[in-house]
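Here we start with a single chain on its own, the form predicted alone, put down as structure tokens.
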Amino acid sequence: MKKQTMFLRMITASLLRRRSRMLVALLAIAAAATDFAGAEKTSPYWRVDGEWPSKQGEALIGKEIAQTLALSTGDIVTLTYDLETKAATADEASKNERNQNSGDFVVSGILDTGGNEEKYIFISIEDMEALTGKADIFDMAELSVSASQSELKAYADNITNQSGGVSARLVKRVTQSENTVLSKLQALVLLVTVIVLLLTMICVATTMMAVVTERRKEVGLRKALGASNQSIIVEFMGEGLLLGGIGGLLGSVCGFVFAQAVSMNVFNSSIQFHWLLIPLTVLVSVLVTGLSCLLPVRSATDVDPALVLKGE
């Protein structure tokens, strides 16, 4: 089980400015601090037009905000945060005087999720702490856990019941999409497996038939010298089953490598190798090879020594 955590810190920001224009847009917007490396893993449905922020001073802009302010990658965004100060006198309180921190950020990418995330500007946790002057204040944490939907629901219920003030919920967009992809992928793999097994049987049968045809004179000579059909069957079937077993071993290794690549690319999680699958794979491979060799081996036992050795 692999876990990745993403923290969000909500603040109110104002003042955004494009570098390529003299026009200044003053809006009250919401900004969020996040661990971008963790967010990229826990939110696979986030689509970024551009690049994920990789260093301080870079920002990820929601699509809705980018369209409103006509922002694009490479533009400069200035965020200003109001620092509330305690009023020493009534006059100062009436003036509502505040200090401000501000910082310029390069738009590294435009975020497209189809959800509320498009209404935020995302910056790094370090930039947020420097902007607000506050540290270790988080509103939300996201975990990426590799488990079934029922197990995830049980984890969420346990966290909610056992942790005071913490409400855990599933990100349904992720769980439902992964379940849908997994079910379709399983059906696709099953279909491909059946087709590959049928093609394999045809290839093995064709190859073994060619081998029997090339060795007809050898088979005829052995039968002329007194070899029984059983010995001929054992020879060809033994050769075929041995090759089938070797193919099963190679298939187990190659299949695990392929499944690991698919799991990492689709679900961003690794899989464990089950050693019991090796004998099962070898057994299936041997059975497929044996069934495929039945017709060619039968044709080998029907060889007439008088006909194939005629003229020798």
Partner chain sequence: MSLLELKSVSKIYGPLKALDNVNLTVENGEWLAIMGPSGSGKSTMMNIIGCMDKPSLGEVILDGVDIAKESGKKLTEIRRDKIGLIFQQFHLVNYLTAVENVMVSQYYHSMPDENEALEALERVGLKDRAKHLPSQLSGGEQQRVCIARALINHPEIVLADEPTGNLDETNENIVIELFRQLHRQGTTLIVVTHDPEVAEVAQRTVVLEHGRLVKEIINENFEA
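Numbering follows the first chain given and starts at 1. Just so it is clear, the structure is predicted and the values come from calculations on it, not from any experiment.
Unshown form predicted together with the partner chain; subsequent notes refer to it.
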| item | value |
| --- | --- |
| Residue among Leu152, Leu197, Ala227, Ala205 with a heavy atom within 4.5 Å of the partner chain in the predicted bound form | Ala227 |
| Contact test in the predicted bound form: Asn158 vs the partner chain, heavy atoms, 4.5 Å | no |
| 4.5 angstroms heavy atom contact with the partner chain in the predicted bound form for Leu221 | yes |
| The partner chain contact in the predicted bound form: Ser231, any heavy atom under 4.5 Å | yes |
| Asp302 within 4.5 Å of the partner chain in the predicted bound form, heavy atoms | no |
| Candidate stretches 182-190, 127-135, 212-220, 107-115 - the one whose heavy atoms come within 4.5 Å of the partner chain in the predicted bound form | 212-220 |
